[in-house]
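Take a look at this one chain, the form predicted alone, written out in structure tokens.
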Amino acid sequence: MTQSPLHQILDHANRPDPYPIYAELRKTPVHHEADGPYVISTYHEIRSLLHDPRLSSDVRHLASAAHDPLAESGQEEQTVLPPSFLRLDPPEHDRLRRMANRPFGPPHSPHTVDGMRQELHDIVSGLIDGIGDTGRIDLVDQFSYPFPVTVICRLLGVPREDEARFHGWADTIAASLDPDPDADPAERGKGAHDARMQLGMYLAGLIEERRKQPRDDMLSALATAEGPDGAMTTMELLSTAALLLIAGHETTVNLVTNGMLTLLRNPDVLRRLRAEPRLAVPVVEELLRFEPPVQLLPQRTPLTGIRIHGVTIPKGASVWLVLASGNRDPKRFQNPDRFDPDRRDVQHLGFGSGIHSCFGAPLARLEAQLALSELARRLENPRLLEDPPPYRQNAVLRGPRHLPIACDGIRP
């Protein structure tokens, strides 16, 4: 029996290459099966909806009868915290995002991300120095995974002596986002719940410390801010910190890993990057189009009926926006299945668009640029040991669970 496109997307067997499924989906720009979600797969329609105030990101607007295949497959995040601004609509979204952005980016803190450049470079260098045996390297476990969580610790202001504990909680929470058909769901759920509770209590304690004795870090700035929007409550601060950890960490792991996998499959580009470190900027932009770390945005819902391509999506229905499909839409990009860092027009959907465009995009870009340029420069004759590598179960945050590679040595 042939699977429906929706079930093909969720089927782990298709994780190494979902793009033929997306190509089939684009033949029906608004795809709907029985009581399932409305799946939007074409670039212009996705972009339009990302800017449409009638499409809500708040799951409380979903009709109670809305069918959610992701929740059934265990691929939806569970949390004990109130929704972050990512899952809210204006005006609540706008207030919290403005407050979170004050210590993170322009206009109030224009140099926060660029000011971390040397620290990021040092973290990357340290991880590469510590690789050890070059006959078999798991790029995920030894590099892509520890890199962004260390960066988030430094950004938030987690003391160095606590980083190992923070890493442990992050590992457990991240694992819970990736279903394991062989594991006991109750046991995994309890482990993830306990990790979230411990992380929440730790951060709540750190927030109180920073309110009394602020330091030069983002958590202190958020805990003591008294701007025009007032101050965040402790629960709002915890939700924002959790968003930075989960969204910022998981997406960057996939961006760096997918990036190195793509470069190893395109050795001419890898050689160019080694010789021209500045190529890292267009390489990362094309990667965000070609292999985006976030494949789709689920659980959007119309606040009123929205008509697209002759189909009316009713109020309260579940809508999926398949960003990765839009990024390969031939009506928007020439030769979309070709990885081309010289592509001149790369208005991709890799970071979304509109009011919910990725809050951490400047940091993620810099992390990926530094990581990939240093890996290209320092690894001698890198090569894949498995292609395709084993992929994570998660269909939303798509990336290899391991990336086994080898090289002939590490350059200084």
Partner chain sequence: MNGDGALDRLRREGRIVVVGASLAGLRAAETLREKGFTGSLTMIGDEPHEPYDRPPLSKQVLLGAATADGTALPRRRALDATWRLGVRATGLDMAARRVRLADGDEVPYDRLLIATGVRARPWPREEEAGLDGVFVLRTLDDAAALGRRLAEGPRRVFVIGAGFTGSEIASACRERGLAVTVAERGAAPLVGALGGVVGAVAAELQREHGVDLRCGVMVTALEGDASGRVRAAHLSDGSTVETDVVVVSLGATRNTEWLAGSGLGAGPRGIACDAGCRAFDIRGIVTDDIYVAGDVARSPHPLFGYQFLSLEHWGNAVCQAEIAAHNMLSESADRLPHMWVPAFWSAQFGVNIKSVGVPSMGTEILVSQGSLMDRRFVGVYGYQGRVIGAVAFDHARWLPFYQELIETTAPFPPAFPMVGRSPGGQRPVDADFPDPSVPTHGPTVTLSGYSPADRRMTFTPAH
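Residue numbers count along the first chain shown, from 1. Small disclaimer: the values here were computed from a predicted structure and weren't measured.
Below: the form predicted in complex with the partner chain, not depicted.
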Could you tell me which one of D171, D141, D94, D129 places a heavy atom within 4.5 Å of the partner chain in the predicted bound form? D94
Among the candidates R378, R47, R343, R26, the residue which, in the predicted bound form, approaches the partner chain to within 4.5 Å (heavy atoms): R47
Hey, in the predicted bound form, does L55 get a heavy atom within 4.5 angstroms of the partner chain? yes
Would you classify P362 as touching the partner chain in the predicted bound form, given a 4.5 Å non-hydrogen atom cut-off? no
Report yes if any heavy atom of T304 sits within 4.5 Å of a heavy atom of the partner chain in the predicted bound form; otherwise report no. yes
Taking the shortest heavy atom distance, is E285 within 4.5 Å of the partner chain in the predicted bound form? no
Sort through 28-36, 378-386, 365-373, 348-356 and report the only stretch with a non-hydrogen atom within 4.5 Å of the partner chain in the predicted bound form. 348-356
Among P90, R98 and D229, does every residue place a heavy atom within 4.5 Å of the partner chain in the predicted bound form? yes
